[in-house]
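What follows is one chain in structure tokens, specifically the form predicted alone.
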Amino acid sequence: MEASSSKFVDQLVVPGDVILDLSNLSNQTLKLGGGLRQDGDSICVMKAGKLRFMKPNKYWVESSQKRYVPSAGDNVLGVVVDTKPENFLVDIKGPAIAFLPVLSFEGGTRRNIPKFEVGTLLYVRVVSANTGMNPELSCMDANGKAAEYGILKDGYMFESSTGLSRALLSSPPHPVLEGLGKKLSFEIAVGINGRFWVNASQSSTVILVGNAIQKSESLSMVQQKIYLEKLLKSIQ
């Protein structure tokens, strides 16, 4: 049995559901995202929502909740709320404040510790997220490179549900985001924690893109296409 064989994928699941029996899998290397836990040979659901799967081997439960539950490997948008000698304290919209070690940057040494003011917006990776402990963050990928992580300058951060965040990061691309990207020039960074950042040369573009994405969450796929057509005509 392959890792993608759970019959619950894209179905509504509730706490207590067993989505996979590891004893039946030929490949037992799985990545579990939010809403799931391993109990012996069983992968169990911890919160209600839709079970999602991403190749090759990641499962998570998607729910349009405002509160984000951190999971190792997540890319998130965090706001610096305090600075300490060893760590930056960062709000990632989770149940506890996260910490970003001052050396968790590419080539980080005591001589080149970055200076972040309170309120600085960062694109960071969750390194560890254990129950009852503050999540640990990093501005490096698994290979120790800065990659896309770091400060997000200028622009504006918008709040959303975690469900919308996942939709913006999904494949195929989110229709409203894809449509706007063909018509307008802007940058976007999406955190899985229910935040996204938009930057453009004109503030009016930032507002238009951010508001359109937020509005899209309450629309069906058909309604999104109609809304997008009207929006694109209005900015010609």
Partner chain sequence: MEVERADGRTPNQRRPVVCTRGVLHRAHGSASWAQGGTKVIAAVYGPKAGTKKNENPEKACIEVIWKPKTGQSGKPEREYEMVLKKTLQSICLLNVHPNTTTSIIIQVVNDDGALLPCAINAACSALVDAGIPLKHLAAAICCCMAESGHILLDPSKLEEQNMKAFIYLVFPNSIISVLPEGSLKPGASELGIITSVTHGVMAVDDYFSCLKLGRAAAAELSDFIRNSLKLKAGNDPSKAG
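The model shown is predicted, which means the values in this text are computed figures rather than measured ones. Superpose the two forms; the largest set of C-alphas matching within 1.5 Å is the rigid core. Residue numbers count along the first chain shown, from 1.
Keep in mind that the form predicted in complex with its partner chain is missing from the display, and what follows is about it.
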Even though its partner chain is not shown here, does it sit in the predicted complex so that 82, 91 and 205 each have a heavy atom within 4.5 Å? no
Can you check 112-120, 145-153, 72-80, 131-139 and let me know which stretch has heavy atoms within 4.5 Å of its partner chain in the predicted complex? 131-139
Heavy atom to heavy atom, is residue 230 within 4.5 Å of its partner chain in the predicted complex? no
Please tell me whether any heavy atom belonging to residue 183 falls inside 4.5 Å of a heavy atom of its partner chain, as the geometry stands in the predicted complex. no
Hey, in the predicted complex, is residue 95 touching its partner chain, heavy atoms inside 4.5 Å? yes
Should residue 48 be classed as touching its partner chain in the predicted complex when contacts are defined as heavy atoms within 4.5 Å? yes
Which residues within 8-22 place at least one heavy atom within 4.5 Å of its partner chain in the predicted complex? 8, 12, 14, 15, 16, 17, 18, 19, 20, 21
Residue 223 C-alpha shift between this form and the one not shown of 2 Å or more, rigid core reference: no
